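The C-alpha cells that follow cover one protein chain in two forms, given apart as structure 1 and structure 2.
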Structure 1
Amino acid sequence: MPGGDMAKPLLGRRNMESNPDLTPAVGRTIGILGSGDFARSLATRLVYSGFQVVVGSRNPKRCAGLFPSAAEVTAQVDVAKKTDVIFVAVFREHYSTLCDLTDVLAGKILVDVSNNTEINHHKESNAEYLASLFPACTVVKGFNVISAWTLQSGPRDGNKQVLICCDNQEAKRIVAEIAQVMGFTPVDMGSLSSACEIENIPLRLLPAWKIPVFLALGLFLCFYTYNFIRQVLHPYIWEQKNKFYKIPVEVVNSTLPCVAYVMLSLVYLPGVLAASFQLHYGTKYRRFPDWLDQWLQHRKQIGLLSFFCAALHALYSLCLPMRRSHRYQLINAAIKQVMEKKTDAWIEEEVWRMEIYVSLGIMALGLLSLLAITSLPSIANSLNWREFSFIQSTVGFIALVVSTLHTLTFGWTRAFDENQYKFYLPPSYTLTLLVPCTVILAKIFFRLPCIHGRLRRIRNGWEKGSCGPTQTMPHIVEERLLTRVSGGLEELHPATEDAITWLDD
C-alpha cells in the first residue's frame, strides 16, 4: 500500500518522544490474524508507528502484495509463534476456525477488534466468546470503535479514543501503550465484562440522532401542511387563485423558521421541567423520569438541528427578493400604483417593522452560531466548564429571547386581524410562540428571589426535611453514570457532576 498520508510524521511519534516510558513498545513485534480491510489498515498504521508487524493469513501468498513491504505476511501458525501480542482481525463467526492454533497461542495476548451488526445479537460479547475458546490466552477488547478508514487517514480525523477493557492489568497496559504510540487516546473501560458495552457503542451512535431527526421531520411535516393549507389551498378554494408557485420557496421558508424556533424552545424546556421536578421533590438526588433523562441527553442534537433549520431559513430569506415571482409582483404593484395615480407607497410602520425583525433575526442566528461552534469538540475542549455552560445555557437562552422578538415583530398585529384567519386557522407564527413563551416565562419565574434561593439550595445538596446530603447519594450517582455511559459519550449532567465533586470531598 502506498505511503501517502501515512508516511507523514505521526502524532504517535511525538507522544513517544514526550513520554519516554513508551519507548519499549516500539520495536515490539505485533501479530495480526486475518488479511481483510481492518488487518491491512492496522498493519500499515503499525508499521509507520515503528512496530514490527507479522500478518497471519490462511493464504499468505495471495495477499502479501496488499500489505506494506515492511510487514511480514505468513501462515497463521508462524504469527502465533513469533509474537506475544496478536490482533484478531477476523469476524466472530470464524473464531472457531482458529482453534487449531490453541497450543501455540497459549499464554499470548489476543486483541479482539470485532463489532456486531445488531445490539446484543449474541448472548456473550465477542471478546468473552474468544476468551472462552482460548482459556490459556489473555483477551483484550479494543479498537472496534476505530474504523479501518480512520486507521488509514490517521487519528487526526474522526474519533481518537480507543476504548479498552481486559481482566489482566498488564495486558491492558501493553495494548493501551500500543494505541498511544499509534496516536490514539486509550480509555480504560475496566474488566472484560465491559466488552458488551464497548461492542454496542458503534451501533448506538446513530440512535442519539434518531429521535431528534424524527422530531424535526415530524414538525416540518405538520407546519408544512398547515402553511400549505393557509397559503396555497385557501386562496385556491376560496378565490380560485393559483398560488402553487409558493410550494418550493415561500411555504418552505414559513415552515423552516417555525421548526427551528420550536426546536430551540424544546432545548430549554427540559431544563425548566427538571427545575420544576427538583422544586417539587425538594431534592436533586431523586432520579428524573426516564423520558426527561432521555430528553436532557438529546438537547445537543435537537439544538444543532434547530441551528441547521435556522441557517437554511436565513438563506431562503436572503433569496426571497431575487425570485422572478417577486419581480413580477413588484412590477404589477408599480403599474397598479400608476393607474391609481399614487406617487408614494411608503408606509413608515411597515418599514420599521421589517428593519427591526430582520435585524433581530440576524442577531439570533449569530448567537446560535456561537453555540454551534462551541459544540465542536476541539473548541469545547479549549473552554472550561463554566465558559461552556455560560455559552450553552445563557447565550442560548438569549438567542431564544431574540428569536421570540424576531417572530413577534414579524407577526406584529396580524394575530388580531380577522382576514388572517384562513379556515379559522391563525397565522403560523402565533402557534410557534406557545412553547417558547412558556419556557421564557418559566425561566423568569425561577429567577424570582424566593424560588431562585430555594433552587440554589436544592442544587447545593439541601433536601426537604433533612440537613445535608443523604445516604442514598452514591447509589443515585451510580445510576446517573450508568445512564450516561449507555447514552453514548455525552457531557455529564450538571447534577451528576456536582454529586461526583461531593463524593470526592
Structure 2
Amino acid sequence: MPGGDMAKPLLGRRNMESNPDLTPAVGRTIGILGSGDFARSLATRLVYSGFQVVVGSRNPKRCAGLFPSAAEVTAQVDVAKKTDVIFVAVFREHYSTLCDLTDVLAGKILVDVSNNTEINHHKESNAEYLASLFPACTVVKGFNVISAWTLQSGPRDGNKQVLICCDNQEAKRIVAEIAQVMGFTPVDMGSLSSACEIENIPLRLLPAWKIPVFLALGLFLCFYTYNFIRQVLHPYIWEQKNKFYKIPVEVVNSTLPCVAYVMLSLVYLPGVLAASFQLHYGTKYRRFPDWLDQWLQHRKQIGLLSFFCAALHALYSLCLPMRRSHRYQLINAAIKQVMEKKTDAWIEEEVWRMEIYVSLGIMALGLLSLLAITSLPSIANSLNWREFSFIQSTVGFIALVVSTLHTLTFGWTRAFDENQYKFYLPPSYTLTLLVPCTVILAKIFFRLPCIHGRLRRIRNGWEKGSCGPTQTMPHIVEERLLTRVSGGLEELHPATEDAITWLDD
C-alpha cells in the first residue's frame, strides 16, 4: 500500500518519551479478526503507529496481498493464540462463525468496531451481543465512529475522538492507550450498556441541524408563497399580465433575504428571552424551559443557515442583470424614454437609496462571513474567550443592526405607498422587521442602568429575597456552566458547551 502520510507515525518518539504511560502500548501485538476495508485500514494505521499486527482471515493466502507487508496474515485461530487484544472487524451476523474459537479466546480483550444499518435495529447492542456469545472474554466497544478513510488519512483529516465503553476499567485503559498512540483522542463513555448509544451515533444524519433546517425551510416556504402571491398572482389576476417568469429567480431572490434576516434575529432572540426569564425569577440558578434550552443550543446552526441564505441572496442579486427578461425590460424602458422624448432619466433620490442599500448589504454579508468563520472549531480554538465573545456577541449584534438598516433602506418610503399593498398585503420586508426590531429594542432596554445593574447582580450570584450573592459550592460549580447572552445568562449543557456559539452579551 502507498506510504505518504500513512508511513509517518502520528506520535513521534519525543511525544512517546514525554508520556511514559504510552510506552508499554507501543510494540504490543494486536490481533484483527476480519479482512474487509475497515480491517485493512485499521491494520495499516496500527503498523505505522508502531504495533505488531496479526490479521485473522478465513482465506489467508487470498487476503495477504491486501495488507501491509509488516502485518502477518494468518488463520483466525492463530490470531487468538498470539494476541491478547483483538479487534473484531466482522458484521454482527457473522459473530456466530467465531464460536469455534470460544476456548482460545477465553480471557482475551475483544474490541467490537461494528455498526448497524439502522438505529436501534436490534434490542441489544452489537457489543452486548458479542459479550453474550463470549462470556469468558472482556468486550470493549470502540473505534466504530472512526471511518476507514480517517484511519487511512490520519485523524488530522477526520474525527479525532474514539468513543470507548466497557465494564472492565483495565481493558478500557488498554484500548484507550492504543487509540492515543494511533493519534486519536479516547473518550470514556462508561459501561458496556452505553454501546447502543455509541452504535447509533454514526447512523444519525446531522442531528443538530434538523430543527434549524426545518425552521429555515418553513420560513422559506412561507415567504416564498407570500412573495408569489404579491409578485406573480396579483398582476395575473388584476392586470392580466404574465409574470410567471419571476418564479425561478426573482421570487427566490426576494425570499432569501427575508429568511436570512429573520434567522439572524432568531439567533439573538433566545438571549433576550433568557434575560427576561432571569429578571422575572430574580436568579440565574433556575433552569430554562426545555424549548428555550433547545433553542439556545441550536443558535450556531441557525446562524450558519442565515449566512448561507444571505450568501445565496448576494449571488442571485449579481445574476439578475444576466437574465434575458432584464435585457428586454432595459430595451423597453429605453424605447419608452425615446418615445416620451426624455433626455435624462436620472432620479437623485433613487440613486442615493440604491447606493446606500448595496453598501449596507455588502457590510452585512461581510460581518456574517466573519461570524460564520469564527464559529468553525479550528478558528474558534485559536481565539481566547474574550476575543470569541466579542466577535460572536458585539460584532453579531452590529451585523443585526446593519441588516436592519439594509432592509429599511430597501423599503425607503415605499412602505407608505398604497400601491405597494397588493391584495392589501404589506411588502414582505415590513414583516421581516418585526422580530429584529423587537430584539434591538430589548437590547437597548437591557442596557438601561437600572436593568443592567440588576442583571449584573444576578450574574454575580444575587437572588431575589437574598441579602447578597450565594457562594455555596454547588452554585459556584453551576456558575461555570453559565454564559452571558443578551444581557442575561445561558445555562449550557456540558456535552454541548463547545458547540454553542453566536453568543450575545
Ligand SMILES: NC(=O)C1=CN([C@@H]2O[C@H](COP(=O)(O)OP(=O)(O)OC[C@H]3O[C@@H](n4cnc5c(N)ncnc54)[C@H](OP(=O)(O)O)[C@@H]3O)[C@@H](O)[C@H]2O)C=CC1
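Heads up, when I say rigid core I mean the largest set of C-alphas that superpose within 1.5 Å between the two forms. Just so we're clear, the structure is a prediction, and the values are computed from it rather than from any experiment. The first residue in the sequence of structure 1 is number 1, and each one after it adds one.
**Q** So which is it, 1 or 2, that shows the form predicted on its own?
**A** Structure 2 is the matching one, since it is the form predicted on its own.
**Q** Given a core-based superposition, decide whether the C-alpha of residue 448 shifts by 2 Å or more between structure 1 and structure 2.
**A** It does not reach a 2 Å shift.
**Q** Under a superposition restricted to the rigid core, does residue 143 display a Cα displacement of 2 angstroms or more between structure 1 and structure 2?
**A** Yes, the C-alpha moves 2 Å or more.
**Q** Is residue 51 displaced by at least 2 Å at its C-alpha between structure 1 and structure 2 when the rigid core is overlaid?
**A** Moves: no, less than 2 Å.
**Q** Report, in Å with one decimal, the C-alpha displacement of residue 109 between structure 1 and structure 2 after core superposition.
**A** Comparing between structure 1 and structure 2 after core fitting, residue 109 shifts 3.3 Å at its C-alpha.
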